[in-house]
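Quick heads-up: it's one chain on its own, the form predicted alone, in structure tokens.
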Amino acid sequence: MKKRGIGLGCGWYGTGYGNGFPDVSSAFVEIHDDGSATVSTGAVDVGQGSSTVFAQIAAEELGLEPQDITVITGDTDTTPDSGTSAATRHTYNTGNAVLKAVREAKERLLDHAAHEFSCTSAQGIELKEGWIGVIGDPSRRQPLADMVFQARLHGERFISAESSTARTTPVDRENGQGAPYWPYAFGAQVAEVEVDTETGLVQVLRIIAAHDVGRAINPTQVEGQIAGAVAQGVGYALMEEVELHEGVIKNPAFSSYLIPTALDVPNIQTIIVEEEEITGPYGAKGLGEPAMVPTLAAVVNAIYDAVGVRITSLPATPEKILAALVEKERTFGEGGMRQNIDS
């Protein structure tokens, strides 16, 4: 018999290295005389889309399009250290470094333009759609490329290097006080599953995932991050297990270490919650790992809702579910109610 159940899982996750460990990212930015810009950082994009985020941050600040930004990453000969691609840290940490560097180079450019346009203040200059000029006066503007080219002829380059450090402190071992992580990510997911009581097999039918991302710099990438995290969470909940015997891994290949395939990934509905993180670049914060946390709780809770057994060790394999069902029947009887052992 197949039974369906629904479960809820909630999670919070401290991003970055945490606990006062030095969490520093750095970036170089240069505005070129062809109207483009380059961002250089050690932050390696391993599929999470960080290079796209950096391009969007720089483009937004300079009034350009993301395709006008070249992002160079992970070149130990030319890029500054930005830490590891881990701990859900690059959008927040390295994104802040990129934004600071862009704003520094932009400030010098605006000061130069204010002088060229005989404007009393750099606050009267704007960058928009590849043009630079006096706000509200279309007659006093020129292509950004021309402005930078003329500046280069006089030996001026608009280049900047900046870094950003996460604000964390170690936890006091005596009183538990401190700020071990910053910022925190929050999420909640609902899972619908179908459990076969004859085989113990669980199929995850649907996941609804709501996550606070600060501000979604790239909503499509946010959805992709959530989908990938849900897939990993399903694997964590139902099938992934390292088997050890005397310190030797017994299942070192994907033929024996099971991970979800496309057929195992459920329908995923994402809900993007945008609560601005004032310390993040344009209000953004990390998402990658936090989106995996609620999945397994939601799936295991849904199994309980479907068949009334608690699985307390992961993964929730068919063998564990069948054993739990047998124990439930022995303890409570087929009707599900505890039998009077004195009768």
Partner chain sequence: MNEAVVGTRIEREDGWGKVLGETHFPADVNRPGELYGAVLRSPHAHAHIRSVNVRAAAALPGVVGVFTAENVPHNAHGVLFRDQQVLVSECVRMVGDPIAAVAAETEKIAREAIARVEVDYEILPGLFDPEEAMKPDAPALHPDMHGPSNVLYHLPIRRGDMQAGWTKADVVVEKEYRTQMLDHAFLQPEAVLAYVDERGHLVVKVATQYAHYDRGEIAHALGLKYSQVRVKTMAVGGAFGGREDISLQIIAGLMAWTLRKPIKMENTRTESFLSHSKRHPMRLYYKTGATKDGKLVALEAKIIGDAGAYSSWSPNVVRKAAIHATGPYEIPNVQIDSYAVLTNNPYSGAMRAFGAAQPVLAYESQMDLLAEALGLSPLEMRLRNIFHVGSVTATGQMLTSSVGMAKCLQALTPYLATKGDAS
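Numbering follows the first chain given and starts at 1. Because the structure is a prediction, the values reported are computed rather than measured.
Absent from the display: the form predicted in complex with the partner chain. The rest refers to it.
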Original post:
Would E275 sit within 4.5 Å of the partner chain in the model of the complex, counting heavy atoms only?
Top reply: yes
Subject >> Exercise: G155 in contact with the partner chain in the model of the complex, heavy atom 4.5 Å >> reply: no
**OP:** Check whether G35 has any heavy atom within 4.5 Å of a heavy atom of the partner chain in the model of the complex, and answer yes or no.
**Re:** no
Original post:
Any chance T94 has a heavy atom within 4.5 Å of the partner chain in the model of the complex?
Top reply: no
Original post:
Is it true that Q56, A59 and A86 each have at least one non-hydrogen atom within 4.5 Å of the partner chain in the model of the complex?
Top reply: yes
Original post:
Which of these stretches, 143-151, 229-237, 112-120, 158-166, has heavy atoms within 4.5 Å of the partner chain in the model of the complex?
Top reply: 229-237
**OP:** Could you run down 30-54 and flag each residue that has a heavy atom within 4.5 Å of the partner chain in the model of the complex?
**Re:** G42, V44, D45, V46, G47, Q48, G49, S51, T52
